[in-house]
Structures are given as structure tokens and as C-alpha cells.
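The chain below stands alone, shown as C-alpha cells; this is the form predicted on its own.
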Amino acid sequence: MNVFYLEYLKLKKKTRHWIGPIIVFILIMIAYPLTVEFLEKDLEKGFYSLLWISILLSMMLATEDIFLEDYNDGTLEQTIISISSFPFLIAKKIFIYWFMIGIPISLFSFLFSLGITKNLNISLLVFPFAMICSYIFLNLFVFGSALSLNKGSVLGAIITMPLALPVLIVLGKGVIAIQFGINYLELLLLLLGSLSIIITSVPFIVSYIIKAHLE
């Protein structure tokens, strides 16, 4: 519990790191209806595609410097030396980022979905999709951030983006299934299964990559 609290305090002090992605997400959502006047009566047609891409971009921004400061000041090296469960520390760090950034963005996703579609049932069903996909994207971009730790964030984004494309495809099919009321639960379970694999494997992979950078 102390580790969770310390990671929470560290992120809370870095206001730009957790408020920035949320503000970017909100601005994109607000800008959408302002820039597609010809779809004024059918805003929901392109809304969900933009929603998933906005969540993806926000998670990419959130993880851009997730390890960089600790890497530069030597904290990462000291952490690896002092504790034996470095992968679990990474998993906790990712969870805190999701708690501070992913959950608020998921809540805003629900609100914007409700505002655009005026459909409470669809918006309620989209909410768990947003929760799960934000956690998946966060883990994927943490992996990319670890790969590009001392090489620039662009490299990590280029490597990670192809891994996120299958998730976007499932999300697209999920929205269609929700709108027609068919098989959306199966797609939600598919995302949950993918998330369970990702959250158990990514921290170990990331810890190995960071140790390789430090050697």
C-alpha cells in the first residue's frame, strides 16, 4: 500500500503529466462537433472512431516520460538494486497512471457519448469498453516508452502503434455490436482476456528492457 501511495504522490506532483492528457482528450471531444458541421444531425456516425483514437493518443501522451525522469536522476537504478520485485513496482506504477488518467478519461468518454448520441444505454455499454481499452493502451505505450527510454519517444510510438491497431478494430466492432444489440459481450470479454495477458506480461518485459538500458 505504501508503494501505491508513493507512486500516487509522485504522479500528483507532476501536474502536467496527468492533467495534460485529460485536457487534450477533452479538447478533441469538444472540437469534434465544431469541425463537422455537415454532420450536425449525425454526429454519432464518426464519434466513436474519434473517441477510441483520442483515448489512444491521450494514453500515448501520458506515458511519454513515465520512466525518463527516474532514469536520468538514477532513481531507477537504485530501485532495481533495493527491491526484488521490480516488475510488480512497474505494474503498480501503471495502475496509478490508469487510476489518475485512464479512469477520468473513461468517465468523460461516457459523458461525451451521452451528449453526442443522447442514448444512455449505448453510453453505459461504451463505458466499460473505454475503461478496458485505456488500460490496454496504457500498458502498450509503457512498453514503447521503455524501449525508447534514451532514444526519444517517437521510436516508442512507432513500435507500439501497430500493436494497438487490433484493439482499435475490436473496439470498432464492439460499437457496431452495441448499436445492433448483438455479441458485444463477447467482444468485451475478448478485450478483458487480452488485458489480463497484457497486465501480467508487460511489467516483466518492461523491467527486463529497463535493466538492459541500465547495464
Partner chain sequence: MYKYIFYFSLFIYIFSLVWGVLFTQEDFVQGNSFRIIYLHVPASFLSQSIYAAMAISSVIYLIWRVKLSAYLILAMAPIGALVTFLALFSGSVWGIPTWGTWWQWDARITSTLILFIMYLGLISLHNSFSNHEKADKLLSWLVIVGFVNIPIIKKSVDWWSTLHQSASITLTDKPTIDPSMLYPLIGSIIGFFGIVICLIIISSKVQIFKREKTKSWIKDYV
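These figures come from a predicted structure and were not determined experimentally. Numbering follows the first chain given and starts at 1.
This protein has a second form, the form predicted together with the partner chain, left out of what is shown; the following refers to that one.
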Inset, instruction - Name the stretch, out of 165-173, 27-35, 53-61, 178-186, where some heavy atom lies within 4.5 Å of the partner chain in the model of the complex. - result: 165-173
Inset, instruction - Using heavy atoms only and a 4.5 Å cut-off, determine which of F143, F86, F108, F129 is in contact with the partner chain in the model of the complex. - result: F143
Legend entry - L155 within 4.5 Å of the partner chain in the model of the complex, heavy atoms: yes
Inset, instruction - Using a 4.5 Å heavy atom cut-off, state whether K151 contacts the partner chain in the model of the complex. - result: yes
Inset, instruction - Examine I159 and determine whether its closest non-hydrogen atom to the partner chain in the model of the complex is within 4.5 angstroms. - result: yes
